[in-house]
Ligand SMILES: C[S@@+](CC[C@H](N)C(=O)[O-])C[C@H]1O[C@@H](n2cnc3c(N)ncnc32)[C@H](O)[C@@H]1O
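The form predicted alone is given below as one chain in structure tokens.
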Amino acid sequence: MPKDKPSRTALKVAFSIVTLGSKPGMEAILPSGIVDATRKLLVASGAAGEITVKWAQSQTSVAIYEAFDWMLPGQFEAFAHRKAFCERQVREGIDDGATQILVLGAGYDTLGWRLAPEFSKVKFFEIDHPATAHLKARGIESMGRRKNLHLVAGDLGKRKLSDVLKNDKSWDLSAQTVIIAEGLVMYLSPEAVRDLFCQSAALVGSGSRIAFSYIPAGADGRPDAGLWTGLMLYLQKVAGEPWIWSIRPEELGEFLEETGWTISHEEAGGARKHGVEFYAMATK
């Protein structure tokens, strides 16, 4: 991410959600209320204007997204599946006893803002790069802050998760927690990813879970996005948000064990995939 500038990727994902809301059939996949909340947040934060957001909801915008899907087949709709996967993990985690939710690299995600009133006894935390976090905080303030939603600014590419959270007295090291790392780990160095998972395990109580998306590694060890991998890696680099970390699905279980987590049986082998990303969940 360019220094001191809000994430372009976070904005792209948010616009994708708004546009997916106008695509027939997506209402069965997208979490309830996510499209309207995302639209409001983009405008309230100043990340986008009313006219731009309205255009994003048009059928023309849908057609443009689908036209570019040739580069990463299925990735447009994958954003809806990814949001649904993350929200399902949070809801299931809360049903299992989680009292703390942490969204890493939250971007313009609205999960915490939408679910906080429904689960008033659960504490929701979000962490993102200061440039994006401060912009989002302005939008959340305008939309109506939730008393159990904590917005934390911190660059996880440069700072340890424990350092970012240590000044927040609301964080409970013993609480059963759900951690969400959606569309994040591919932007971190291998050392930072391993450290992130190790620290996550050390910062939560027994029974916690971590849900995340990742890009698989190809034969050359680079992130594998399919036929146009070279072009995608180049475009991400030019945009200032390069894909760095990836892993072969069959190696994920061992990696997680080494960092204090146990991969969910249904995720073993990386069977769950939409677009170029795999989704996974592990427990402590």
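Remember, predicted model here, so these are calculated numbers, not experimental data. When you see a residue number, it is the position in the sequence shown, counting from 1.
Keep in mind that the form predicted in complex with the ligand is not shown, yet the notes after this line are about it.
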| property | result |
| --- | --- |
| Non-hydrogen atom within 4.5 angstroms of the ligand in the predicted bound form for each of 197, 223 and 274 | no |
| Listed residue (80, 102, 156, 90) with a non-hydrogen atom within 4.5 angstroms of the ligand in the predicted bound form | 156 |
| Residue among 124, 76, 171, 187 with a heavy atom within 4.5 Å of the ligand in the predicted bound form | 187 |
| Contact segment among 115-123, 200-208, 187-195, 94-102, judged by heavy atoms lying within 4.5 Å of the ligand in the predicted bound form | 187-195 |
| Partner contact for residue 150 in the predicted bound form: the ligand, 4.5 angstroms, heavy atom | no |
| Residue 139: touches the ligand in the predicted bound form, heavy atom cutoff 4.5 angstroms | no |
| The ligand contact at residue 106 in the predicted bound form, heavy atom, 4.5 Å | yes |
| Contact label in the predicted bound form: residue 10 to the ligand, heavy atom within 4.5 Å | yes |
| Residues of stretch 108-131 in contact with the ligand in the predicted bound form (4.5 Å, non-hydrogen atom) | 109, 128, 129 |
